[in-house]
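Below, in C-alpha cells: the form predicted alone, a single chain.
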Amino acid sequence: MMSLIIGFGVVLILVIVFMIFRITNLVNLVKGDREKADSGNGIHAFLFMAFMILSLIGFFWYSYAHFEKYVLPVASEHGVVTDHLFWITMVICVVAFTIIFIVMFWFTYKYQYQEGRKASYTVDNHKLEILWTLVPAVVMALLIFRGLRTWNEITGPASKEAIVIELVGQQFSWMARYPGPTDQELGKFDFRLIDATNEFGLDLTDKNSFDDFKSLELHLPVGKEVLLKIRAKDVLHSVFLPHFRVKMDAVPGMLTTFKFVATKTTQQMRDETGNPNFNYEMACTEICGKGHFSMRFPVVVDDEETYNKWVASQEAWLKANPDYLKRVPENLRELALIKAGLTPDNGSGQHEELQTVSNR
C-alpha cells in the first residue's frame, strides 16, 4: 500500500511540474516575450539530433553485439525457409524504421522556429499520396504471397512414408502415442473411452491400436518426415518446438496437425552449440492454468538405427494394461495378444491366419 501511495505522489509531482512549465510559457506568450519563450528551441533541436544519432548507434550496436542471444539454431527443413522469410521481413522493417526515424528528427531540427519564417500551407500532394500508398502495398503484397506459399507447403498433406505421432496435452503434462512396429499405424481413439488408465481413449475394437505404445518423451528420427497429430483433453494447449520452428495449438474436440523433418540429431546439436548438456524440449505456449510451467516435454532426435531400436524396445500399451483385453472383440483377441507381445507367434501360421481374418 505504501509503495502505491509513493508512486502516486511521484506522478502527482511530475504533473504539477509540467503544468507549472506550461503555465510559465503561456504567460510569457501573452506578455509578448517571445524571445524568452522560444529561447530553448535551438537547444531542444540539437538535443533531438543527438538523441537520434545516439539511439541509432545504440540500436545497431546492441543488435549486432547480442545477436547470438536472440537466435536459436534451426534444426528442421522448413525452419530454414521460415527463418529466411523472417529475416527478409525484418530487414524491410528495420530499413523503413531507420528512414522514418531520421526524417522525423531531421525535420524537427531543420524546421525549428525562427523569427520571420512561416510554414507553407499545402492542401494535398497527389504524387506523395500515391507513392506512400503504393510502395507499402506492393511490399506487403509480396511478403504475403511469399508467406502464403510457404505456409501452404508447411501445412500441406504429409507423405505416405511420414511417421505419425500423436501428442495429447492435458493439465499439466504431455504424452505421446506411437504406432507399434508390427503395423506402423496408429489405432483409432474415442474421447468417451478415456479413463484414469486409458488416457488416450484407445478404441480396442481397432486392430491397429493393439501395438500402440505410450511415451513420456518425444523421439524423432533425423531426416524422416514426421506428422504430429495434436489434440487436447481439457483446455487449450499449444505445441511449441522452438529449434524446429514448430508451433501448433492443441484444441479440445479438434485434431490439428503439423509435419516437419528434423535435420540435426541431439548429439549434432550438442556439438554445434558446444554444450554437452543440450537437449531439445517441447513447451506449451498457452497459459493453461496454474501448472502451466510444468508442461515441458523432453525431445530426442536420433539417427535412424537408434530410433528403430528405441521403437522396438517399447512395450505396447495393451501389454502394460492386460485387463483391457476384455474390451477387445473376441474374434480379434488372439491377434491382440500377438501384436501386444503378450504371447509369441509359435510359427504355426496362426499369426497369418488371424491377420487374414482381421483384414476381412
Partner chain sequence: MATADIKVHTDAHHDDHEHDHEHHGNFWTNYIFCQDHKVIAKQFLITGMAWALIGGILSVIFRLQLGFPEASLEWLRPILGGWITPEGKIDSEFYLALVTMHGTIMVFFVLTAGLSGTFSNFLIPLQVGARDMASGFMNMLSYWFFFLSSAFMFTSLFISTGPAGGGWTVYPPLSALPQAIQGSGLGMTLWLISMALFIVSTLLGGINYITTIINMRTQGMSFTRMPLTIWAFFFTAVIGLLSFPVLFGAALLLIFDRSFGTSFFLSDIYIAGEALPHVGGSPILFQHLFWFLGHPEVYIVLLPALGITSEIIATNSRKPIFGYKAMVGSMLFIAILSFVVWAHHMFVTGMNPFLGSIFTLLTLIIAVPSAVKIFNYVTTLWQGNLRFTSGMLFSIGLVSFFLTGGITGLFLGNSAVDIQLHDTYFVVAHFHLVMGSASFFGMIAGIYHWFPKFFGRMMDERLGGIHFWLTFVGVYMVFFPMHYIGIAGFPRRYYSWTNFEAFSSFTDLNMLVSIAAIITLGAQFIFLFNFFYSIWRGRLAPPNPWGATTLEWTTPRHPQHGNWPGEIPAVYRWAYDYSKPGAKEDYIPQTIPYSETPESNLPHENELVKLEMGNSGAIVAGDKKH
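None of these values were measured; they are calculated from a predicted model. Positions refer to the first chain, counted from 1. Think of the rigid core as the biggest set of C-alphas that the two forms share within 1.5 Å after superposition.
The discussion below concerns the form predicted together with the partner chain, not included here.
Look at 109 to 117, 180 to 188, 205 to 213, 160 to 168: in the predicted complex, residues with non-hydrogen atoms within 4.5 angstroms of the partner chain sit in 109 to 117. Under a 4.5 angstroms non-hydrogen atom cutoff, the partner chain in the predicted complex lacks K224 among its neighbouring residues. Interface membership of H44, defined by any non-hydrogen atom within 4.5 Å of the partner chain in the predicted complex, is confirmed. In the predicted complex, the partner chain sits beyond 4.5 Å of every heavy atom of G274. Not displayed here, the partner chain is kept clear of W310 by more than 4.5 Å at the level of heavy atoms in the predicted complex.
Out of the listed residues M269, I194, M175, V261, I194 is the one that sits within 4.5 Å of the partner chain in the predicted complex by at least one heavy atom. A single residue from the set M282, L228, A75, L220 has any heavy atom within 4.5 angstroms of the partner chain in the predicted complex; that residue is M282. In the predicted complex, N277, F278, N279, E281, M282, A283, C284, T285, E286, I287, C288, G289, K290, H292, F293, S294, M295, R296 are the residues of 268 to 302 with at least one heavy atom within 4.5 Å of the partner chain, listed from first to last. Relative to the superposed core, S159 undergoes a C-alpha shift smaller than 2 Å between the shown form and the other one.
Relative to the superposed rigid core, Q114 undergoes a CA displacement of at least 2 Å between the shown form and the other one.
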